[in-house]
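One chain follows as structure tokens, the form predicted on its own.
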């Protein structure tokens, strides 16, 4: 078969393009692709950091995970955290975007205020919310006490042990995470809303469509790409939750905030069982990949309807 010959200027443009992406490709291979492949290789070994011998054990680490109660707890806690943050967090972001899309006065100021938490590091956010959740001088308990007294509720107000109770610790981390990340998704939703042609809404108003009807039949379907992106990114982010539980609770109380990534960190860097920790990472990767594909499938099916 005769090979197609490209003009010289096209070959030159292609070469320039490859040169531009070359730095990214080098960094991607060195810091993403190689560690990913190397991590799978380690997961097939009994890889103790301090041990001289690192015998090959095949999928023994993966089979051991099936009998590991702590891994099961971490998996359930991570799913619980995702349940508390993915959909509620995106609802908050979408509501903020809808409010800003109304072209209110001082829109840029509100954008900056809502987006400000996104640029903070997890350590700073954790310090702020540890103060907010304090049972002695925290703002949340203070306002709850004021509300208690305003409503003249019976008895004496008891401070809520936000981070010290197994029942409230994970919801507290979820609330902090929603506050922390709502601004990022808000901007994406706002960009999606601004891309919807105004003519669609005018035609719907002429036909007598209500506000809810315009949102359900125009805004939501046309916002599907933004919705899909934010949901997938939120799910991936929730599955990687680490800093919040590591700094604020250390996985407690009673393992109620032990997440998969925190368990992986403790296994790898406290017990030095790198092979087992890599197996945890790969199982979590497969679970998140499955849920991500399910999200694509469900939202694509809705679009075809």
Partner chain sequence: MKGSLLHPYKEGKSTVAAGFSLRTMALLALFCVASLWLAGCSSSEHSSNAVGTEIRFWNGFTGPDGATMERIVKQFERETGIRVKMQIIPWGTYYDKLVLSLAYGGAPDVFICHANRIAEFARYGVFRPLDDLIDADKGFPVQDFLPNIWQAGRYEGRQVGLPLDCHPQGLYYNRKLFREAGIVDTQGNPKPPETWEEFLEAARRLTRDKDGDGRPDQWGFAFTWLRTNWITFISQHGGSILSPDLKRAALAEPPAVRATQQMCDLIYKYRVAPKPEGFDSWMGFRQGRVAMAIEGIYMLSSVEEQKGLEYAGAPVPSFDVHRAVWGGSHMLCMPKDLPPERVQLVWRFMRYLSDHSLDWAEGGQIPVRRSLLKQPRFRQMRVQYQFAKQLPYVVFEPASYKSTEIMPFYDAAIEAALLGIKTPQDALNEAARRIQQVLDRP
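Positions refer to the first chain, counted from 1. Predicted, not measured: the structure shown is a model, and the values here were computed from it.
Keep in mind that the form predicted together with its partner chain is missing from the display, and what follows is about it.
In the predicted bound form, its partner chain stays beyond 4.5 Å of every heavy atom belonging to residue 214. For the chain shown alone, residue 66 is not a contact residue for its partner chain in the predicted bound form, no non-hydrogen atom being within 4.5 angstroms. Interface residue remark: residue 273 is counted as part of the site for its partner chain in the predicted bound form, having a heavy atom within 4.5 Å. Its partner chain is not drawn, but in the predicted bound form it has no heavy atom within 4.5 Å of residue 26. Residues of 102-139 that come within 4.5 Å of its partner chain in the predicted bound form, judged by any heavy atom, are 122, 123, 130, 135, 136, 137 in sequence order.
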